[in-house]
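Take a look at this single chain, the form predicted alone, given in structure tokens.
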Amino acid sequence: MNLPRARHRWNISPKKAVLLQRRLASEVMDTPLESPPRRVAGGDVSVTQDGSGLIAGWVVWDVKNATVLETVVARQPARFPYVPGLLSFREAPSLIAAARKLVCEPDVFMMDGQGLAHPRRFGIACHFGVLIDRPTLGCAKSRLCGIHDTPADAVGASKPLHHEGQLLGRVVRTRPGVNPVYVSIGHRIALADAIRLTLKCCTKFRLPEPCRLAHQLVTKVRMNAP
């Protein structure tokens, strides 16, 4: 993929990273998709066994045929510490590097992490989406901020996630009897589209297939690395 060059440095202080998040958050676009997406890329990152590097992977999923179209992996040193709320500064560089290796062009990028559902409204799905200017959404396994009621125990049931009076996303039940996921927009997508796509990509498991398979991909690479 031909992607824009990074617009800022990654090796900055946490204090400057917070200021940058607040500035870039104003660029997030909450807009409906122009057409139903066919190719959805799921991304995930794993830490190398020695803790010094990151392994980022993307799995491009054909929604219509429920098949994998492409997988890519990139390895990079970990240049930013793990700081809650600043995950994108640690993981986004490797995810962008991996995305540059893709041959096919995904219609949407889906990330196992937060988008708008972030204290500064700029989770990793927002950061990644704004920098590459592509539709993105976050589908996280846990809550970073906000309050919500418990959705009914039926596939597709959901409840709004609010923080400081703002709707950040929805808590969506993808399988009965298991914990829901936290869906929020990243960039150039509407919340209704993000929820619809999340449910469409779920098969037998809690997580959507693109993200689930991406997690398996980077875990396998990590375990097989010398």
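Don't overthink the numbering: it's just position in the shown sequence, from 1. Predicted model, so just to flag it, every value in this text is computed and none were measured.
Another form, the form predicted in complex with the DNA, is not on view; read the next lines as being about it.
Peer 1: Sort through Lys141, Arg75, Arg79, Lys101 and report the residue having a heavy atom within 4.5 Å of the DNA in the predicted bound form.
Peer 2: Of the candidates Lys141, Arg75, Arg79, Lys101, Lys141 is the one lying within 4.5 Å of the DNA in the predicted bound form.
Peer 1: Counting heavy atoms only and using a 4.5 Å cut-off, do Ser46, Gly85 and Glu91 all touch the DNA in the predicted bound form?
Peer 2: Every residue of the spot touches the DNA in the predicted bound form.
Peer 1: In the predicted bound form, which of 24-32, 47-55, 161-169, 64-72 comes within 4.5 Å of the DNA (heavy atoms)?
Peer 2: In short, 47-55.
Peer 1: Quick one: is Asp112 in contact with the DNA in the predicted bound form, heavy atoms, 4.5 Å cut-off?
Peer 2: The answer is yes: Asp112 has a heavy atom within 4.5 Å of the DNA.
Peer 1: At 4.5 Å between heavy atoms, is Val108 in contact with the DNA in the predicted bound form?
Peer 2: No, Val108 stays farther than 4.5 Å from the DNA in the predicted bound form.
Peer 1: So, in the predicted bound form, is His215 in contact with the DNA at a 4.5 angstroms heavy atom limit?
Peer 2: Because a heavy atom of His215 falls inside 4.5 Å of the DNA in the predicted bound form, the answer is yes.
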